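Next up: a single chain in structure tokens, the form predicted on its own.
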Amino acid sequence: MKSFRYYILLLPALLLSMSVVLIPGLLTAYISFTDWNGVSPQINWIGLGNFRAIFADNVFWKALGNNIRWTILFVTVPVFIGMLSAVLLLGRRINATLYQLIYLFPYVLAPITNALLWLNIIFNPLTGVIGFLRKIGLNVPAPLGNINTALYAVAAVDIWHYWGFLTVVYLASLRQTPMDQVEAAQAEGANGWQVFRYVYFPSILPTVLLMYVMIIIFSFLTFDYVYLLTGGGPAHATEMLSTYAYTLGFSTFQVGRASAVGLVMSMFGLIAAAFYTWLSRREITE
């Protein structure tokens, strides 16, 4: 009877998850095998036709390559900056909370606000930093207009907005490390790097792995900053699977193909989640 009450209490959350996650996900999977345009009541089953079409499209492979490069950037640069900042803040007792608020501030701002700040203050070729450098005689190209730098310019904006969040997460995890282990390592003569490597890092490894999985998932779902800053251009230099699917679904009304792209995106997230689950079970068994 007691367990039955638990299930009753869980029922609202289960129904909510089914209504906003499971059912739309199943519908997306079904639509990916049809030629639905998003408007017509007629839906024709075409099997793997949408998948064959997107795999034959060079833009799809361009977007996939950009997503992979984006993922590599985000599992390295913001992770390193966030971890370094967290370690530096760990030993700081004065104004530590203030620093955390400052680091986290870009993350809590709306993406449109961050995008406008960078477009007007940094990237604007007339009034921004780029414009100022040009006025003093430096021939600085517009990063968002260059196919070789556009992706990294957009990534820089997203990294600036994201690394503070990682700092706060890593700092909270570092503070959970048992102090007796830290003091014992210091008593044995371990230096700062050795204490971090052999005491702190093993303690926060589950958090690091979880954040890696989340970064990989979010990297293949990224949309907002790319769409706001470049819309996938120039010449598909910043095209992502998400913007590619958006164009297919809302510009050309090929909702079936857009759903097929969405399934491909989901597969990368599922692979990352499955790998994390495997690692978690391995740690439990060991």
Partner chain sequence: MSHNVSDHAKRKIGNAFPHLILIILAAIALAPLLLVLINSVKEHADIVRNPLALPTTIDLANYADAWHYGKFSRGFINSIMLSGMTILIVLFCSSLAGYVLAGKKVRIWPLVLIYFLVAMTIPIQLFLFPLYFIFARLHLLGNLIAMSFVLAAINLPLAVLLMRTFFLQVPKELEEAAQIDGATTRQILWNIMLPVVSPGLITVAVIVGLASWNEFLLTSTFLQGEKNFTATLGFLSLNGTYNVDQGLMMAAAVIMIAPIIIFFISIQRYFIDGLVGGSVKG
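Bear in mind that the values here come from a model prediction, so they are computed numbers and not experimental data. Throughout, rigid core stands for the largest set of C-alpha atoms superposing within 1.5 Å between the two forms. Numbering follows the first chain given and starts at 1.
Here the subject shifts to the form predicted together with its partner chain, a form of this protein not shown in this document.
- Contact annotation: of the candidates 210, 77, 182, 190, the single residue with a non-hydrogen atom within 4.5 angstroms of its partner chain in the predicted complex is 210.
- Using a 4.5 angstroms threshold between heavy atoms, residue 64 stays clear of its partner chain in the predicted complex.
- Residue contact check for residue 155: none of its heavy atoms lie within 4.5 Å of its partner chain in the predicted complex.
- For residue 55, no non-hydrogen atom is located within 4.5 Å of its partner chain in the predicted complex, even though that partner is not displayed.
- Using a 4.5 angstroms limit between non-hydrogen atoms, residue 132 touches its partner chain in the predicted complex.
- Counting a residue when any of its non-hydrogen atoms is within 4.5 Å of its partner chain in the predicted complex, the hits in 26 to 58 run 27, 28, 31, 36, 38.
- Once the rigid core is used as the reference frame, the Cα position of residue 231 differs between the shown form and the other one by less than 2 Å.
- When two forms of a protein are overlaid on their rigid core, residues whose CA moves 2 Å or more are considered shifted, and residue 40 is one of them between the shown form and the other one.
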